[in-house]
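A lone chain, given as structure tokens: the form predicted alone.
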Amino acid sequence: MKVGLFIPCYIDAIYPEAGIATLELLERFGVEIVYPLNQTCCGQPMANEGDQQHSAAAEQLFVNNFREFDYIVGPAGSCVKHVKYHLDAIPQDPDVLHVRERTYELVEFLHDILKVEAFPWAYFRYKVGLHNSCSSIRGLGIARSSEIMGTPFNKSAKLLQMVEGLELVPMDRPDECCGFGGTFCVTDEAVSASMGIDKVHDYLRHDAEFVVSPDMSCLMHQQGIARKAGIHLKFLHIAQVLNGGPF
């Protein structure tokens, strides 16, 4: 298969190590990866604010960059959710529909498409608190949310449990929002910060040494909260753990 690597703009600018880990991890499984150099923002920030006019150009550029690939894979649940379910500021031609259908978040691609069963190169001897973002859980379905009846499942946890030495610690409220929410953390700063410190304290109560997530945007928010409070937690994207670095 030929896969287009979608690296969201904030990962490219602030957390390039998460993007590098995603690339290296997929290559370990023999996937042919291409990184379109002209990619920019997928249009999510504008669309979330109802600004379809300005999201349209970003969405069209995204489609132009990725329409030729069998799959598009990105290490960010919220951005992937936008592409799959909200890329509607532009006409829904066959290229757009193809891109929407074939775009996957990294965890669901590893779990559902590649059906990975082992990460023999990975070793991580730490206690880990797992954060699946709201977009990943309730948008993409990588885990069952607590308000839904049914058989529990957690694709992120299943992958992490394959890493030698890693101990997943239980959380009191594992799928509670951390307060990031994109522009919500700007427009409702006090509420967002309060939600964030609640999340950080949940990790501390269970002696987590690292917080790991498929969504670096949530980790960015939680990391900022922890640093401001003088709390020495470490935060990593799940790709870095599964790939064995870079850290």
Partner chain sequence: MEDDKKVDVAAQAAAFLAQDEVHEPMHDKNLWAARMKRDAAAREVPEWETLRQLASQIKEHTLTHLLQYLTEFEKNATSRGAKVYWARDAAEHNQHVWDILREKNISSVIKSKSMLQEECGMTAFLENRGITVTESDLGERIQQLDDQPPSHIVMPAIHKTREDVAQLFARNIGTDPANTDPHYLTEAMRNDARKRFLEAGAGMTGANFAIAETGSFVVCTNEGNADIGASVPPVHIASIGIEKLLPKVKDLGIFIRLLSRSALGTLATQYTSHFSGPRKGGELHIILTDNGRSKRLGMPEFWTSLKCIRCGACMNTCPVYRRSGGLAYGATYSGPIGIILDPTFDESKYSELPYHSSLCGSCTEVCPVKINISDQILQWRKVMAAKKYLPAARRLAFGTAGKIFEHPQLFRSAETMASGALKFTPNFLLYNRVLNPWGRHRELPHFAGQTFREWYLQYKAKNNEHGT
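Numbering follows the first chain given and starts at 1. Because the structure is a prediction, the values reported are computed rather than measured.
The same protein has a further form, the form predicted in complex with its partner chain, not shown here; the description that follows concerns it.
Spell it out for me: taking its partner chain in the predicted bound form, does every residue among Asp12, Ile148 and Cys177 have a heavy atom no farther than 4.5 Å from it?
Yes.
Out of Val63, Met220, Val31, Val200, which one falls within 4.5 Å of its partner chain in the predicted bound form, going by heavy atoms?
Going through each option in turn, the one that passes is Met220.
Should Arg173 be counted as a contact of its partner chain in the predicted bound form, where contact means heavy atoms within 4.5 Å?
So Arg173 counts as contacting its partner chain.
Would you please decide whether Lys228 lies within 4.5 angstroms of its partner chain in the predicted bound form, comparing each non-hydrogen atom pair?
Judged by the heavy-atom cut-off of 4.5 Å, Lys228 is in contact with its partner chain in the predicted bound form.
In the predicted bound form, is there a heavy atom of its partner chain that lies within 4.5 Å of any heavy atom of Ile20, even though the partner is absent here?
Contact check for Ile20: yes, within 4.5 Å of its partner chain in the predicted bound form.
So in the predicted bound form, does any heavy atom of Leu5 sit within 4.5 Å of its partner chain?
Looking in the predicted bound form, residue contacts with its partner chain include Leu5, since a heavy atom lies within 4.5 Å.
Mind listing which residues of 31-59 have a heavy atom within 4.5 Å of its partner chain in the predicted bound form?
Counting only heavy atoms within 4.5 Å of its partner chain in the predicted bound form, the contacting residues of 31-59 are Ile33, Val34, Tyr35, Leu37, Asn38, Gln39, Thr40, Cys41, Pro45, Met46, Ala47, Asn48, Glu49, Gly50, Asp51, Gln52, Gln53, His54, Ala57, Ala58.
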